[in-house]
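Only one chain is given next, in structure tokens, and it is the form predicted on its own.
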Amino acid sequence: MKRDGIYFISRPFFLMALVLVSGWLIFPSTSSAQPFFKGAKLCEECHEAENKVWEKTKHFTSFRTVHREPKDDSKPSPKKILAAVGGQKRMKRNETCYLCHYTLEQKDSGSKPVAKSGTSCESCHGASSDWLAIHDNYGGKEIKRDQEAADHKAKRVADSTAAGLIWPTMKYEVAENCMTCHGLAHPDLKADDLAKMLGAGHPINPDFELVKYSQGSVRHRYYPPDIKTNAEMTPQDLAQIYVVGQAAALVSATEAMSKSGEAKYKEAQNKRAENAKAVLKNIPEAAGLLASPSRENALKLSKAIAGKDLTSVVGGKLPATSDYK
């Protein structure tokens, strides 16, 4: 989440992000060969403004609320869902729940992962154990970000990316992280657990759309020279991520459709796919993706439309700012 003049939005990841929820959204291994979450506190040291935004989001506040029983009986009951999937009776320790609802931090590769927050920075930008030190090094201990040499910055960006950092400019990778949990499509969610979760009332939102959910309460775009302003996206930027979000949704839904035979789940995934197709059919560059909905083809689409003005194509499909979440 460094401010290098790039904007926010892993393939599991996911890792929200999350989330959000959340690098990889999977439970981090204690093996030194696997990256692990180090926690949002380390991000806050340089990204105070972004952290303040996060602390007002549901990604943050849900850590203390998502496990509580609702007063409204029409809302999902965490107790019923936990009982249905079995295992640990606390959400923070349940291997089904913590995939998306929590960030499990480790001090080092050998320490026990512990749920310290909800969906956080690494949920969207990747588990930081392998890239944080690279990302924070501007050329030496005494060199600040605005003093960094251009060649060093280029190498730092490339090296941290190779180590697993998902930059905001990596639109598709961030989008697919969102879809992993918001599409109830996490690869580590077991098919039988999905059926049990839905049967116990766990929600699934087939109409989740990237612009609506990324440009509201979670937006954190603080870039030089005005690092005090949480900048809004231009219409061209919004159209771009709208299309990329639909591409990520199509791939996610297509892959998830074969995960479970549960009727409600398949219906929701089919709707996600159809929603995406309705948009992408108007994008010439999306022909290959529509013919074969794969991550590779989605990345090709994202690259093909980079820099193009898609506002005339997307038009009125963009959500109104009043509808942002």
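The model shown is predicted, which means the values in this text are computed figures rather than measured ones. Quick note: we count residues from 1 along the sequence shown, nothing fancier.
Form predicted together with a small molecule: not shown, discussed below.
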Could you check which residue among 106, 161, 254, 217 gets a heavy atom within 4.5 Å of the small molecule in the predicted complex?
-> 217
Of 283, 273, 299, 66, the one that lies within 4.5 Å of the small molecule in the predicted complex (heavy atoms) | 66
Evaluate residue 46 for contact with the small molecule in the predicted complex, applying a 4.5 angstroms cut-off between non-hydrogen atoms, and reply yes or no.
-> yes
Using the partner position in the predicted complex, report whether residue 115 sits within 4.5 Å of the small molecule, counting heavy atoms only.
-> no
Proximity of residue 240 to the small molecule in the predicted complex, heavy atoms at 4.5 Å = no
Taking heavy atoms and a 4.5 Å cut-off, does residue 152 contact the small molecule in the predicted complex?
-> no
Any chance 248, 258 and 268 all have a heavy atom within 4.5 Å of the small molecule in the predicted complex?
-> no
